[in-house]
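One chain is shown next in structure tokens, namely the form predicted on its own.
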Amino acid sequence: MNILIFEFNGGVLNSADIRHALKKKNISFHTVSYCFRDTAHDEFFVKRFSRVLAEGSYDAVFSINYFPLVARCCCKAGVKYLAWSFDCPLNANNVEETLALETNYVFLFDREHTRQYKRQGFSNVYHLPLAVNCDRLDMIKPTKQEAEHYGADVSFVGRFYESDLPKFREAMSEYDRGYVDAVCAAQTDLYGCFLPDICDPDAFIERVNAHYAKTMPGAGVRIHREWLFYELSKVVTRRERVRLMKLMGDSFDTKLYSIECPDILSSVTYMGTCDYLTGMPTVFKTSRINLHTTLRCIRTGIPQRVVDILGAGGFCLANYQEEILEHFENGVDLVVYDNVFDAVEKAGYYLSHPDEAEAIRRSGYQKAREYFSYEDRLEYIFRTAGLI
């Protein structure tokens, strides 16, 4: 088998893990990288990439995340395109225009998003959980100095998402501003259900766009379903993460690794950012508890951060996600919280019961190593595409 790997702008953080797995499976591959000026129109890329496909002898093109221009080129050349998306939702405008191309095999880590596309008639979209490279993580051995620097009772690595929704909210009617506020408030403490899915979003969007057209004629301001869901998710996720970190900081020795530290988190030790390949695993290995809160547009799936924590051998305290509890046992492989107050209570319990926490940490690591390898995931992708 000969695979052409397409990487956007030098690849993502997981690119090296993909190449490592392909080498372990003795699969030959070649890598090309490109940074789109426009993900929907780029004649220079189309000509060059089509030439690469024509001059090579590839069984398939593989990419992390889905790129419509790559899909079009592969379809024209009659080459299978295997896209494993680490984004949720798919980070491509008007994705439905290319998703059904006959050479596409698209894999999503969130089962509910997969179902949504299946319901729309896209039979070439498949559910596939994410993976972790335990071989790489096992090689990271924190020194005593690193343990002292990174170690904490509780650590969190992640972003506090900024949403564009507030500025659009100000131009809404008073009624629709109340709708947005009510959905965000209710969603903050609700897991396992995404309220915008069931609160007649289409009627809300139609009403808001009609209001924009009336109050701002000529501005061309419109919102669409995917944008609304994503921006609502960022608002709710930021609110939850700030609340959770505030409570943790007030109760325990808590460190934060992020590009920002909201002013309210004065009781938290702000550590700046840490790099994905070495710094983040060191945090996971040296922290007694590693927090995770899911970006709310991920409906059911297991986020990459959860398997990263477990694969590094860290203790993971995460919010409820349907698929987490299908693959891991609560209180055995990791610990799941129901709300921010439950998270603080459980953190306190396991900090005072280190033997139980250690057993959970070890079990979570073994489960991640055994069932979440890149080699197994790639084999599923190749088998689904009829390459093996």
Partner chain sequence: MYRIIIVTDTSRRPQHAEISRWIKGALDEAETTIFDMNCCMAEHEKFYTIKDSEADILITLDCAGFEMVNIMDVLSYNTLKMPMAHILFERSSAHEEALSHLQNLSMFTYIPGSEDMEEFKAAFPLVPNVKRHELGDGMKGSADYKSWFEDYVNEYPDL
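Numbering follows the first chain given and starts at 1. Just so it is clear, the structure is predicted and the values come from calculations on it, not from any experiment.
A second form of this protein, the form predicted in complex with the partner chain, is not displayed here; the remarks below concern that form.
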Which of these residues, 102, 275, 174, 263, gets a heavy atom within 4.5 Å of the partner chain in the predicted bound form? 275
To verify the annotation, which of these, 30, 353, 327, 362, has a non-hydrogen atom within 4.5 Å of the partner chain in the predicted bound form? 30
Using a 4.5 Å heavy atom cut-off, which of 34 to 42, 353 to 361, 315 to 323, 58 to 66 contacts the partner chain in the predicted bound form? 34 to 42
Would residue 52 sit within 4.5 Å of the partner chain in the predicted bound form, counting heavy atoms only? yes
So, in the predicted bound form, is residue 12 in contact with the partner chain at a 4.5 angstroms heavy atom limit? yes
